[in-house]
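Shown below, as structure tokens, is a lone chain in the form predicted on its own; questions about how it binds or moves come after it.
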């Protein structure tokens, strides 16, 4: 049982981890690999006080090293759900379950809105993890919506289980097993009935994708299926924690990072603009203070 679980290892999450460890709290940070962070891809940051002309990767590595030196625990994995359990929370990943008395969401820039039908059929045909739920779809038709680097691997896993896989992504990856039907395009909607998912609507990718003409002329298709695996690098906040209040695409949080769910706090780009490193660091510290106070 950890005192605080932090989802995200960007500036907000690492600032929260450093602050919480300075208050002698047991801290677990769950995150994608740091090198996949948008900050790590920034060649130059010229407005962070005291560190002019620093690269995003160098700044991130310094923050990460500081949090580790203070004793924060790290697991580089994708969080699939956060479930309130009364006095604590259970955080589920594709590999394991973790427990914490409080949670800080430092998810970075909000992901795109949920697809039509995604929330309605979540757990009734919609899944975010092939290795978790794949066994339920032996010999069934499934659609894999590939939005992260591991999507091809998970599609291959489903095919090995005996599922009939339709892989849908704007850019098709190499390495898909023979027998997996591939379609360049994007998901439009998930359809179903009282029993669960029955199919999807999708738009085929045009050769000049991205132009206004391509968007208007894009051909639509439909496919019958029993399961849809949406494989994003990050789960949308509304799908991560049931009942979490949003403000548009952002998580609704007060000045101290408190959300509408007791014990859950938020900081950084996921709570709104401006999307700046310095702001994220300050909000991460405030969210850690609030979590420490909540723990008593």
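Positions refer to the first chain, counted from 1. Remember, it's a predicted structure, so these values are computed and weren't measured experimentally.
Although it is not shown, the form predicted in complex with another copy of the chain is what the next lines describe.
Within 4.5 Å of another copy of the chain in the predicted complex, do 114, 121 and 227 each have at least one heavy atom?
Zero of three within 4.5 Å in the predicted complex.
Of these, 243 to 251, 49 to 57, 259 to 267, 26 to 34, which stretch puts a heavy atom within 4.5 angstroms of another copy of the chain in the predicted complex?
Contact-bearing stretch, as computed: 49 to 57.
Looking in the predicted complex, any heavy atom of residue 42 within 4.5 Å of another copy of the chain?
Answer no; every heavy atom of residue 42 is more than 4.5 Å from another copy of the chain in the predicted complex.
Classify residue 271 as contacting or not contacting another copy of the chain in the predicted complex by the rule of any non-hydrogen atom within 4.5 angstroms, answering yes or no.
Answer no; every heavy atom of residue 271 is more than 4.5 Å from another copy of the chain in the predicted complex.
Would residue 231 count as touching another copy of the chain in the predicted complex under a 4.5 Å heavy atom rule?
No.
Would residue 281 show up as a contact with another copy of the chain in the predicted complex if we use heavy atoms at 4.5 Å?
Result yes; residue 281 sits at the interface with another copy of the chain in the predicted complex.
Let me know which residues along 51 to 68 have a heavy atom within 4.5 Å of another copy of the chain in the predicted complex, or say none if there are none.
The stretch touches the partner through 51, 52, 62, 63, 66.
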